[in-house]
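Presented as structure tokens, the chain that follows is alone, the form predicted on its own.
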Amino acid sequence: MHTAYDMLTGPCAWTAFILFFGGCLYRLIKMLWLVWKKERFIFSYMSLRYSLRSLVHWMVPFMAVNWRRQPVLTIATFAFHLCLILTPLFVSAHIILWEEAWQFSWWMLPDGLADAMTMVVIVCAGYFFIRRLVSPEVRYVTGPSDWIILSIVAAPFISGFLAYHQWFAYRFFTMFHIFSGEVMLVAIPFTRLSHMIISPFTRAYMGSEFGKIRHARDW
């Protein structure tokens, strides 16, 4: 057990972080290279003003028309992504481990709030799971990879919740929490989860095209 824990928190963790940061950098460079090679004209009408205008309208709940048309999905989407990003960064257990390793720490969430945010991610993941089953238009475009990605995202939060409360097999879920978190880090740049890296650039492009070229709104 100790050997496996040392492997997960040592070589495996280093490998996951290297692949995550290296993969993110690779995706960004590849995206810019492809644009430069095939559609270089895009750079000529990119606009900071219209890019930011589009990003703001799509990043604020209910500012875009499509957000207002689907209020339940909008609330679930924003709550899910907000808690998905903030909880791992500011949960006390992660910060304590970081401080022990690097003598550096930052502000942390109260444990009760972090626990609630973890539950938000789990509940929203369940909502997305059910939506893919019962919504005909979503079920039609859902493939095996979508279920795998949803599982990859949900697993660290479910296992972390169980490990924190020490329910069932505490040691197993602690180990699985670390492992699934590392799997998620590696998956981000190399799967559809890479939208967290690419989507701001896509939105900036669309905002520039609609605002500067078409003189229209894209929200």
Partner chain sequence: MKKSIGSILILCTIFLFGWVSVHSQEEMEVVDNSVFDQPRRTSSLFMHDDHNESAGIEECHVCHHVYEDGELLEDESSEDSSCSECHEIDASGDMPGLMMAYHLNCKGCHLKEKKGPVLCGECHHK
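Keep in mind that what you see is a predicted model, and the values were worked out from it rather than measured. Residue numbers count along the first chain shown, from 1.
Below, we turn to the form predicted in complex with its partner chain, even though it does not appear here.
S.K.: Does any heavy atom of R49 come within 4.5 Å of a heavy atom of its partner chain in the model of the complex?
M.R.: R49: no contact with its partner chain in the model of the complex.
S.K.: Flag Y164 as yes or no: does it have a non-hydrogen atom within 4.5 angstroms of any non-hydrogen atom of its partner chain in the model of the complex?
M.R.: Answer yes; at least one heavy atom of Y164 falls within 4.5 Å of its partner chain in the model of the complex.
S.K.: Considering only heavy atoms, tell me if I122 and its partner chain come within 4.5 Å of each other in the model of the complex.
M.R.: Close contact is absent here: in the model of the complex, I122 is far from its partner chain, nothing within 4.5 Å, heavy atoms only.
S.K.: Against its partner chain in the model of the complex, would L133 count as a contact residue? Criterion: heavy atoms within 4.5 Å.
M.R.: Answer no; every heavy atom of L133 is more than 4.5 Å from its partner chain in the model of the complex.
S.K.: From the list I148, I75, L86, A93, which entry has a heavy atom within 4.5 Å of its partner chain in the model of the complex?
M.R.: Only one option qualifies, and that one is A93.
S.K.: Give, in sequence order, every residue of 56-81 that has a heavy atom within 4.5 Å of its partner chain in the model of the complex, or say none if there are no such residues.
M.R.: If the 4.5 Å heavy-atom criterion is applied to its partner chain in the model of the complex, 56-81 yields nothing.
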